[in-house]
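Quick setup: the structure tokens below cover two forms of a single protein chain, split into structure 1 and structure 2.
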Structure 1
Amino acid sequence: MVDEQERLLPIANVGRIMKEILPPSAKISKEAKQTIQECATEFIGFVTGEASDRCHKENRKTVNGDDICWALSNLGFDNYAEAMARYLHKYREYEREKNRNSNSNNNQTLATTSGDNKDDEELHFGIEEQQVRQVETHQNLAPLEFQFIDKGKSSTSEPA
């Protein structure tokens, strides 16, 4: 019985989505909830199958977001396809922003996802700042060494 539930979308989530669009006084029978739970699960399989067929025909191994959008459109869910294309675009933008922020701390090279000049400048600035901070830190940790290198006058750096 546990296996049966694991092959479906969780009924609590399905029920919550249903409740949110129905009027507050509306009631939902358990059977109806289960039926919609199964329908939604079937929906995933149906659309995935279509998307997967297309990938197969185009000799691609990975089903991506674009394939899902295409499949939605092909199966008659045009309004979903449009909404998902917008959603996917925003999600990809978000991922690019996230990667850019983490790259600026690690890489000396520019993130390849951006062609925007303004963003490149910010990236450069981020790197320089980081390098400056590192130098300052080193000076704090080993002041004697730096003094030796820079000035050569510190009494502590001379041989005893």
Structure 2
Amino acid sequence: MVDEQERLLPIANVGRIMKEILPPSAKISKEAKQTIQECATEFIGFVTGEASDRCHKENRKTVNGDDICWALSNLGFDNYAEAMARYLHKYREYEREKNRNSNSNNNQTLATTSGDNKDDEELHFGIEEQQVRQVETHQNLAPLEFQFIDKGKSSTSEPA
């Protein structure tokens, strides 16, 4: 039983994710959490296995976000693949902006060592919320809610 529990997603995390979508007064049974825990773990393994097979065929050792998007699409989860591709694009933009800000801050603060740089600590998604709400691709897909976590903090952009 211990081996089985080690391969599953943490039940507390699963319960927390489930609670986010439900009204505050809603309750979730232990059985419901365990069922979702098993299904989510299986789904992640299924998609990752497909992505891993692709990497193996291409003689690569590292599965990346593009491989996951490809696997989702290849397995028939096109809606998820499109949403994941949009998320991945925004995440990469966020990382580039974070690196740019970090590099410019490092260049500006070479002479100072005060450590009073709260902008870096509180850097959140650098793209305007309006842009996140209206992510445009070649198809007019519905806007998504993106969450990025930076140093233990989370920021959420609310859909319009």
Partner chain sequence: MRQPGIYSGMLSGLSGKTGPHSLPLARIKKIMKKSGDDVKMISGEAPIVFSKACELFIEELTRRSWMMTMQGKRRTLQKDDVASAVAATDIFDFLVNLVTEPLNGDEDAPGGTDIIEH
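Here the structure is a predicted model, which means the values were calculated and not measured. Residue positions are counted from 1 along structure 1's sequence. Between two forms, the rigid core is the largest collection of C-alphas that superpose within 1.5 Å.
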Here the form predicted alone is displayed as structure 2
Two rigid parts, one fixed on its C-alpha atoms; the other rotates between structure 1 and structure 2 by a number of degrees, namely 18
Core superposed, what is the CA shift for residue 29 between structure 1 and structure 2, in angstrom?
4.6
